[in-house]
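A single chain comes next, written as C-alpha cells; it is the form predicted alone.
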Amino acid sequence: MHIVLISTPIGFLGSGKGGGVELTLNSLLTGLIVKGHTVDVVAPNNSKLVEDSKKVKLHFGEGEEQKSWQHQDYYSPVSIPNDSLLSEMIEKAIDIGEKADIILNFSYDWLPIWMTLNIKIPIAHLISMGSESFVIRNLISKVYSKFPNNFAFHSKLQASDYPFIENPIVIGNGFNLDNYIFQDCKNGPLGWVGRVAPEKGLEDAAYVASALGEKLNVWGIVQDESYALKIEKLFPGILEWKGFLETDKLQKELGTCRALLNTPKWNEAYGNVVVEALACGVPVVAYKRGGPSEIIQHSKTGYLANPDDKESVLNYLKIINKIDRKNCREWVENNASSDIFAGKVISWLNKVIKEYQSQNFPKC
C-alpha cells in the first residue's frame, strides 16, 4: 500500500509541541515500513523522522502554525491563518495522494476533515483528542454520515465523546519496543511526563511528591510558562525540570523511576507516556480518566485512582513496589507494539478504501 501521512500543524516533528501525535506518527511509520508499505510524510519545515528508511519520503510545509484546539473555547469559530501551514501541507498531501492509495490525517482540525467530502482521494482521520471543538464535532458527524469508516480512535472512552458514531473503530496505539529498555529499579525517583500545561495536572503530582518529601522529575516541553512558575511557587524545591528529550534519552532516564504519575485534568485520548513507562518496566499510578484507564491493569501494572483524588494516588505510591515490573513490559509487548499497531491501521485503511470505492465507483 502507498500511504500519505499528514502530520500535526502544531509544531515540527521533533519539537515536542505536537505532543503524542509526534510519537504516534513515528511509531506507526516504523511498523508500516517493516510490513513493506510505501510512505510519504507531509510535515512542517525542520521536521525529522525517527525512521530513516529510504522508502520514507519527507515533504515539508511552511507557514503559520495552527492553534491547538484544547487551548481554545469549545465554541470558537474555525480560524485559518493567511499564510497557513496546514493549508500548504494538505495541498502537498493531495498532490502526492493522486498517485497513492490513501491519505492518513493526524491533524485534529477542520480543514482536512472538510476536504474528505471535496476530493476523490480517500482521507482517513486518526482522531487524537476527544471532542474539543463544537465545529469539528459537527463536521465529523456530517462526514461520518457518508463515510462511516473514515474515523478511528485511540480508546473507547475517547470515542464516546462522539456518541453519533456507532461501533467506533478503536485501534489503540503502538511503539517500537526496540527503543525501550526494561529496567528493574524499585528504589528510584518519581516521574511525570507530558506537555507542561494546565490540562495535564502537574500540580497534583507535585502535591503527592511534596507530601512524600521527595523530588519529582518532570520531562516535557513547557508550553505554559506562567503555569509552570505557579506550580514552582506552590511547591518550592519539589520539581526537577528535565526538559523535552527524544525517545532514546527519555526512556533511559524514565526507566530508573520507581513509578510514573499520570494526573491529567482532561480525558486523554490514549496516554502515550503511560505506555512508554510500562515499556521500561515502570508501573503507573494514574487517575481513572480517559485512555490510561483502559491501559493500566489495576494492581498488576499500576493503580487507578478516582479522578482528582490526590490522597489515593499518595496511598497507592506507598505500595507501588508490590507491582512486578515485568508485568508492565509484558503488557506492552502483547498489546502496543508498532507491529500490532500497524496491523490494526492497515486493516482499518483497507475498510476506508473499500467503502470509498463502493460509494464513488459503483460496479455496473
Ligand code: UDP
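Numbers follow the displayed sequence, beginning with 1. Keep in mind that this is a model prediction, so the values were computed, not measured.
The form predicted in complex with ligand UDP is left out here; the points below concern that form.
(request) Tell me whether His125, Ile140 and Ile171, taken together, all sit within 4.5 Å of ligand UDP in the model of the complex, counting heavy atoms only. (result) Not one of the three qualifies.
(request) Tell me, please, which stretch of 193 to 201, 156 to 164, 115 to 123, 82 to 90 lies within 4.5 angstroms of ligand UDP in the model of the complex when heavy atoms are compared? (result) This holds for exactly one stretch, 193 to 201.
(request) Taking 4.5 Å between heavy atoms as the contact cutoff, choose which of Pro236, Pro77, Gly243, Gly213 touches ligand UDP in the model of the complex. (result) Of the listed residues, the single hit is Gly243.
(message) Please tell me which of Ile94, Ala100, Ile136, Leu250 lies within 4.5 Å of ligand UDP in the model of the complex, judged by heavy atoms.
(response) Here the answer is residue option Leu250.
(message) With a cut-off of 4.5 Å between heavy atoms, is Gly20 one of the residues that contacts ligand UDP in the model of the complex?
(response) Gly20: contacts ligand UDP in the model of the complex.
(request) Could you confirm whether Asn272 comes within 4.5 Å of ligand UDP in the model of the complex, counting heavy atoms only? (result) Flag for Asn272 set to yes.
(message) Contact with ligand UDP in the model of the complex for Gly290, defined as at least one heavy atom pair within 4.5 Å: yes or no?
(response) No, Gly290 stays farther than 4.5 Å from ligand UDP in the model of the complex.
(request) Evaluate Gly255 for contact with ligand UDP in the model of the complex, applying a 4.5 angstroms cut-off between non-hydrogen atoms, and reply yes or no. (result) Gly255: no, not in contact with ligand UDP in the model of the complex.
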